[in-house]
Structures are given as structure tokens and as C-alpha cells.
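Given next, in C-alpha cells, is a single chain: the form predicted alone.
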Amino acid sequence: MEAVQKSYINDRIHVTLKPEKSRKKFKEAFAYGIIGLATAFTVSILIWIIGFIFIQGAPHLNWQFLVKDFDSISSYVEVRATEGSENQLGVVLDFKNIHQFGGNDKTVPYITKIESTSGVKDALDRLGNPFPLREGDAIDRISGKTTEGMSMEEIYETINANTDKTMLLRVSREGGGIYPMIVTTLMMIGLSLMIACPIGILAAIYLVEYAKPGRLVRTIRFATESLAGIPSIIYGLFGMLFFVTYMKLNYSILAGALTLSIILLPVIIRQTEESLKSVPMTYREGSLGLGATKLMTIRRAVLPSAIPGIVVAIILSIGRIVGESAALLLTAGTAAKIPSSIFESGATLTIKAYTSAKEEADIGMACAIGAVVIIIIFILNGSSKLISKSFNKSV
């Protein structure tokens, strides 16, 4: 009787547990399926976007795209004659086709090699400004004579027929590159970090090392978190009204950098705070116990240990600068040239990508610039992760 009862109980438990186990397995499988689908969707979208950008921009991506000016340049330059060379320019020429407006092409001689003693390196334009010739420059006219229709022998004869110490050339420099935007972006990075880093790092030091918990600290942290959540277009509007208009900086690198420095402050402050908090209290206690002052402790014991985290904050800030467009569109301007000073307008890479797509309808150029920006962002993110990993290992 006892054995029959035990068998009956075991059967009942088996009957009741089996549906529970199968229901649990179904729930787990369903949850894993949803997670897998979400992950696959996210990765697929990311790969599709990056693939689209690189495929559309691939025809433009080459070394010349990085080192050439965006706009074509034509200028008359004065070049001193070169002695001891096969020709008075001290260059080697070849022919290439140049596409002209209207669909017509013309064949012009261009510089393929410049000798070390060539005078074209010291060429001056008609205003007396330096205009050094470089490989790839096309020569349209030599001492008033057009090179169109000339053979290479006739071109060299025209060069060597010069009897003066100098000769006048009309030079055309092909555009289509992003070199000015790269230089402008580097200028924007350097100036923005020079403004934002000292303020952000010092503010973080105050919050961690000096400030006592209370209303003031809570207000500062609330303001920092609020700044991090404000859309960049709002910063751009503020920068345009205050820096560009009220302070009369006009559209300039300085106005853009001042606006960007405000955007960067939350990133730098929060990341530096976390880095300072991660430094063990024993470092501070040991330094103070040896007779060091508070400032000496921060400078010699705390900051050296927090440097990797601060470097990560700076790298993340660089990524934000490179990827910013809305704020700079309203403060730095869209001029596709290298600014001669921080008070002149200039377009960064993202700004030029926007104007190429929106105003010039050149999707290929915009995607090529986007591909360069993506590569830079990947490099910066990879660098920050490597620094964080090495910092965690050392700790």
C-alpha cells in the first residue's frame, strides 16, 4: 500500500513538473529569440549604413582626395629660371585631360616631377604671395603663349626660349580634395580642447576633492547632466547669437571652438570625475600623512593615477568635435578653404559633407567625407578602449 502511494505521488509530481519545465524552456527560447533578432537587426542596420557610405564614396577615396584642395585654383605666377637643368623650369612634364564645364575636355601639360634646384618651389603670384608649384599642377600658358595644341617638344622649346631671369606661367590646380577641411578640423580640435580641457578638468577636481556634498554640488551636477542632454542645434543657436553676433566674432574658427567647448564640458567633467573617484583613498591618506598639502597631494598623487581616464575623456571629446555639424554650421561657416587665422571662417569635414549633399547634390563626395569621418571615429573609439583596458590592468 505504501509503495503504491509513493508511486502515485511520484507520478503526480512528474505530471505537474513536466509542463512547468517545458513552459520555462519556451520562455527562455522566446527571450533569446527576441534578443537575437534585436541584435541581428542592429548589426545589420549598422553594416548597411557603413557599407552604403563606403560603396558610394569609394570612387573618391584615394591619396589625392586627402591632400588636394576642394576648389580648383588658377593663377598667374612668376618663376625664376633654373640653371643647370634640361629646361629652365627644372620640371618634368606630361599630358593629361582636364574636364571643363559643358562636357568638353582639353589636354594640358602638367608637372610630374620637380628637381631639387627648381625655381617653381619659390614661385610668387601677382600679389607677391608665395605660390609654390607642386606635382600635378597644370600649365596653361608660358610667357603669354597658350600650351593648348602644343606638342611636348614645342612646350620645352618655349620654356627654354625664355631670355629673362623669370618667366610668367598660368597654373591650374585641380580641386576635389578635402585637405582644407582636414586642416580646419584639426584647428577646431586643438582650439576647442585648449578652452574646454582646463575648465572641465579643474571643475571635476573641485567636485571630487574640495566640494562638500550639498545643494551647490547637486546643482552643478544637475547642470552638467542637463548640458549633456541639450541638442547641439541649441548650442549652435546660442553660439550664433552670443559669439557670432553679440561678441562680433562673425563666422569663425574661434566662434565655433567656443561653442564646442561648452558642448564638451559635460563629457570632460563626468569622465574626469569618474577617473578621480577611482583613485584609491590610501593614495591621498598616505600623501597627507607624509606632510604634503592638499594641492601637492592632488598634483603628485591623484592626478598621475587619473591621467589614463582623463586621456579617454579627451579622446571622446575629439570624437565629438569630429562628428559635430549643427553647432558649427551656425558658428564656423562653410568656407572650403584653409583659414589663415582663428578669426576666419572654415568648414570642418562634417560641415563639408552636409553642404556637398545638400547644396551641391554631390552624394559621392559627401559619402567619401563620411567614410573618412567614420574611420577617424573608429580609431578614436579603439584608442579609448585600449587606454581603458590598460588602465584597468594596471589597477
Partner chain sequence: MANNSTDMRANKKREFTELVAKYIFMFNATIAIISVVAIASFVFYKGLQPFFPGNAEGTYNFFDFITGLEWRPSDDPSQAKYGILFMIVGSIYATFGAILMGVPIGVLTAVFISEVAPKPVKMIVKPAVELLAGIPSVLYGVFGLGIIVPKIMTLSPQNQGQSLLAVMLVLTIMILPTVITISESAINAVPESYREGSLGLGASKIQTIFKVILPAAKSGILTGVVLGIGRAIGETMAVMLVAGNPIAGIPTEIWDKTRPLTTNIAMEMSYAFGLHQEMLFSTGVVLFTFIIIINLILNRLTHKVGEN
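What you are looking at is a predicted structure, and each value in this text was computed from that prediction instead of being measured. Numbering follows the first chain given and starts at 1.
What follows is about the form predicted in complex with its partner chain, which we do not show.
Per-stretch contact check against its partner chain in the predicted complex, the hit in 108-116, 227-235, 122-130, 158-166 (non-hydrogen atom, 4.5 angstroms): So the stretch in question is 227-235.
Triple contact flag I55, R173 and V302 to its partner chain in the predicted complex, non-hydrogen atom at 4.5 angstroms: No.
Contacting member of Y179, Y76, Y283, F242, with respect to its partner chain in the predicted complex [4.5 Å, heavy atom]: None of the others qualify; the residue that does is F242.
Residue among F26, Y32, W63, F343 with a heavy atom within 4.5 Å of its partner chain in the predicted complex: It is Y32 that has a heavy atom within 4.5 Å of the partner.
Distance check, I199 to its partner chain in the predicted complex, heavy atom within 4.5 Å: Yes.
Exercise: K294 in contact with its partner chain in the predicted complex, heavy atom 4.5 Å: K294: yes, in contact with its partner chain in the predicted complex.
4.5 Å heavy atom contact, A335 to its partner chain in the predicted complex: It does not: once its partner chain is placed as it appears in the predicted complex, A335 has no heavy atom within 4.5 Å of it.
G323: touches its partner chain in the predicted complex, heavy atom cutoff 4.5 angstroms: Yes - in the predicted complex, heavy atoms of G323 and its partner chain come within 4.5 Å of each other.
Contact set, 348-372 vs its partner chain in the predicted complex - heavy atom within 4.5 angstroms: Going through 348-372 in order - heavy atoms within 4.5 Å of its partner chain in the predicted complex - the hits are T350, A353, Y354, A357, K358, I363, A366, C367, G370.
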